[in-house]
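Next comes just one chain, in structure tokens: the form predicted alone.
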């Protein structure tokens, strides 16, 4: 555990030294504030919570931004050090390859936690203070669920990034695969599902089939978790008309997202153990 912690602190120091965490935090704060104020502007004369609108707006931002940031942090974590020769030096120390992956993962995850909590937290507090509703009466439960699930979403794509970095031999190849993975999960998966729904006629594809297909994409799990987290967010996102049997419980969605973190991370450790340096 001490060796993993040493690697965690190394990755965190490198992140601060390279201005990664500062840049990510600033970008997330500016984007979150901009999107929150633009999204909450039409709610001045309605009874819709401004913070609920912020949750819906930030959910849309997160599905594009957080996976990309996580992949950029992780894609060269192994292959980059292998090319620079520092990985061989690192492995001369009494540390296992599994500990290397875990140390890097928790270090990068900490950077994402700091950026997400500060970036989204600042936006949420400012929106809550600037709205007419009582501060403690805002949709804080939904907002906290947004932050928690955003951290999980970052962890998912960090784990996927380590698979890529442990598998390929060149940074350029890893970067290309990382962008392809991002496009596949964020854009192509849902576009393919929409195309299937548009081309297949009749009752061949049921609502249950679509629901279960969406659960195989962590992006859709994240979207469902946040957009149905309360009556207000469900109404704003257009998902308020879902029947009770069409909804997935929050616990089930969290467990699915956790499995998306753990399984790729185990796979990355297994691949790295077999990697020839």
Partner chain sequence: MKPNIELISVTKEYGRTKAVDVIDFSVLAGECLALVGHNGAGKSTLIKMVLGLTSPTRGTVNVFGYNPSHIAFSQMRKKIGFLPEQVLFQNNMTGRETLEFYSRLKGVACDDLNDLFRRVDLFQAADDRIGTYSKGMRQRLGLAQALIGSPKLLILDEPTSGLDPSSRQNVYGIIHEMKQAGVTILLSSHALTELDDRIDRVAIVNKGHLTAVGTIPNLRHNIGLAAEIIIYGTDISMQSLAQHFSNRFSADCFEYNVAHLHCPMNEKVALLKEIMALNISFTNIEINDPSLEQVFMAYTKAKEPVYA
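Residue numbers count along the first chain shown, from 1. Keep in mind the model is a prediction, meaning the values are calculated, not measured.
A second form of this protein, the form predicted together with its partner chain, is not displayed here; the remarks below concern that form.
- Contact check for residue 94: a heavy atom falls within 4.5 Å of its partner chain in the predicted bound form.
- Using a 4.5 angstroms limit between non-hydrogen atoms, residue 1 is distant from its partner chain in the predicted bound form.
- Within this chain, residue 90 lines the site of its partner chain in the predicted bound form, having a heavy atom no more than 4.5 Å away.
- Although the partner is absent here, residue 85 sits close enough that one of its heavy atoms falls within 4.5 Å of its partner chain in the predicted bound form.
- In short, of 106-114, 77-85, 152-160, 182-190 it is 77-85 that has heavy atoms within 4.5 Å of its partner chain in the predicted bound form.
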